[in-house]
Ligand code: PMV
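The form predicted alone is given below as one chain in structure tokens.
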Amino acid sequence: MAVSSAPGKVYLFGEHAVVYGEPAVPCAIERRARVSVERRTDEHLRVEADDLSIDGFTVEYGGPTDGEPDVAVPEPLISAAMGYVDGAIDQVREVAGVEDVGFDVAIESDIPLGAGLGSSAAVVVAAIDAAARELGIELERTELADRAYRTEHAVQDGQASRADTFCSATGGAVRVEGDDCRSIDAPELPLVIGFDGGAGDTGTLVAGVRELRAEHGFAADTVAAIGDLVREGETTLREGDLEALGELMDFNHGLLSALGVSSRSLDRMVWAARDAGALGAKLTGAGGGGCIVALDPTDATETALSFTPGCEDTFRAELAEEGVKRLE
């Protein structure tokens, strides 16, 4: 049996705009998905994912990869969950040059599903790494990130960027612009996460921005403005100026709100963090629900969020310097 873990991520800047070739800066956080893979004697795939949950949503299915699990959850969620795991295993079968190998896969995760913290990327990265090693193949991190991206790209109907999977595979802070992915230096960041207990529909949100951008010139200008903000943010991050970094995060949230991807719960948490004295706060990920990220070296933001209506969980997140970890 092989076991790998991979971290989630937050976006400091650039979500949504990265889909259109603008730069983005995500950073890995120490919330991880852990995937155990054991080769079977047949070609079937069996997946247990007891911790891959929202409101009790769990996935467990067996048989060929085109089988349907018998669970009472919304079809889009189950299809996505199956698609990510199936796609990861297909990548391993391809790299190994075998089609009839089967696996037992067990997933444990402390990353909320669909909440903007890169849960799917972490699961895919860890699953590809563990399954490949179970077959005696150790992938370089760059190939691991690329194969994980291909999986997300297929499941998300071509709307994925390389940001999440590259960040999860390599760890630390990264800069992504189109196909150019690289690690960048970052100081210790006092990150605080607020989670509203929900999840946005990434495909619908991305499609909504695409429609706005096609219909209105000012929406296209807003996307370009996010790219300009990211370029300034890179310098600010490198200099370690946390106050300026927070100001740019506030600005980025405003631009994302203008594109229609925020929500009442996310805005409520953002303003609670700012009112508590956070240096900056913004949504992270696709939006529509899920998580915000704030900068605050004190306990004030975490305390304020814990009393904010609609915030189901809040926690401090450390930067994950290491991406995928090979545990067994």
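Treat the numbers as computed from the prediction; the structure is a model and nothing was measured. The numbering used is simple: start at 1 and walk along the sequence shown.
Although not depicted, the form predicted together with the ligand is the subject of the following passage.
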| item | value |
| --- | --- |
| Interface segment, criterion being heavy atoms within 4.5 Å of the ligand in the predicted bound form, picked from 138-146, 98-106, 245-253, 200-208 | 200-208 |
| The ligand in the predicted bound form reached by all of Tyr11, Glu15 and Ala160, non-hydrogen atom within 4.5 Å | yes |
| Contact residue in the predicted bound form, from Ala272, Ile29, Ala281, Ala286 (heavy atom within 4.5 Å of the ligand) | Ala286 |
| 4.5 angstroms heavy atom contact with the ligand in the predicted bound form for Asp164 | yes |
| Heavy atom of Gly194 within 4.5 Å of the ligand in the predicted bound form | no |
| The ligand contact in the predicted bound form: Gly116, any heavy atom under 4.5 Å | yes |
| Val19, heavy atom within 4.5 angstroms of the ligand in the predicted bound form | yes |
